[in-house]
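The form predicted on its own is given below as one chain in structure tokens.
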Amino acid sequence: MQNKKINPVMLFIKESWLLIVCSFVFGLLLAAINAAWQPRIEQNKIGNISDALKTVIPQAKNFERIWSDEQITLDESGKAQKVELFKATASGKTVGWAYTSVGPGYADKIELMIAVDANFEKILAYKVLFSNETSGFGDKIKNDYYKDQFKGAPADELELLKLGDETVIDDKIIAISGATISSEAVVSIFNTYNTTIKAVMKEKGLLK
């Protein structure tokens, strides 16, 4: 009996057509769902940013968005990172600045809203916009115990220590017990952004 030669292209279509059709249909469904939810996602993001600004500079009455998607080169790799910058004012005076920042954490990226004073000399506060750090350990970067160490610290290079007095406000940050990597990640974000953002703001005439 003579064997019938099968075209490999036809064989591929015959054995995989259902998978191709399903992939196409599910792709369309995901695109439709994403399009339907995108406005709500954007609205939630705006609300999240607004809440963060009020948290880190509560004395401000108004926030003006200065940069919406400024591309800032933060390190020697030359890779640019999008930064949003806000000017906080009260009674017509600048009371601080706040900017978005991001860096690698223990489990995922960590996004912060960092606030500094009007002259960019001292840190006012930070708020975690996004993190997926370990519950009960790394997620303590959201706790006042850790965050309060940054309030009033110099807006320059910070140093992370494993032991020390966390009530002393200076350039030394005491790590969270059991969460050194997450603690270090937050300090690293400050050190990566603060100096560069300040320099760029001076170049653009936003600071003296």
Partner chain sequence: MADDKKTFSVFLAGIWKENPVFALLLGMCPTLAVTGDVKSALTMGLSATFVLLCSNVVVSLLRGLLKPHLRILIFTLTISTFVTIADLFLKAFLPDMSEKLGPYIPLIIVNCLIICRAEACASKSGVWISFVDGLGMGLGFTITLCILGAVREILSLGSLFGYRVMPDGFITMFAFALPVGAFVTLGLMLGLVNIINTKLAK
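Each form is matched to the other, and the largest set of C-alpha atoms that superpose within 1.5 Å is called the rigid core. Positions refer to the first chain, counted from 1. Keep in mind that this is a model prediction, so the values were computed, not measured.
If you look for the form predicted in complex with its partner chain, you will not find it shown, but the lines that follow are about it.
The stretch that touches its partner chain in the predicted complex, counting heavy atoms within 4.5 Å, is 36-44, out of 54-62, 36-44, 158-166, 144-152. This chain is drawn without its partner chain; in the predicted complex, the residue among T94, T134, Q81, T100 with a heavy atom within 4.5 Å of it is T134. At the 4.5 Å threshold, heavy atoms of L18 reach its partner chain in the predicted complex.
Contact annotation: C22 falls within 4.5 Å of its partner chain in the predicted complex, judged by heavy atom distances.
When contacts are judged by a 4.5 Å heavy atom cut-off, S68 does not count as touching its partner chain in the predicted complex. L129 belongs to the set of residues with a heavy atom inside 4.5 Å of its partner chain in the predicted complex. Contacts between stretch 171-208 and its partner chain, counted in the predicted complex as any heavy atom lying within 4.5 Å, involve no residue at all. Comparing the forms between the shown form and the other one, the C-alpha position of T195 differs by less than 2 angstroms, with the core used for superposition. When the rigid core is held fixed, the Cα atom of G27 travels 2 angstroms or more between the shown form and the other one.
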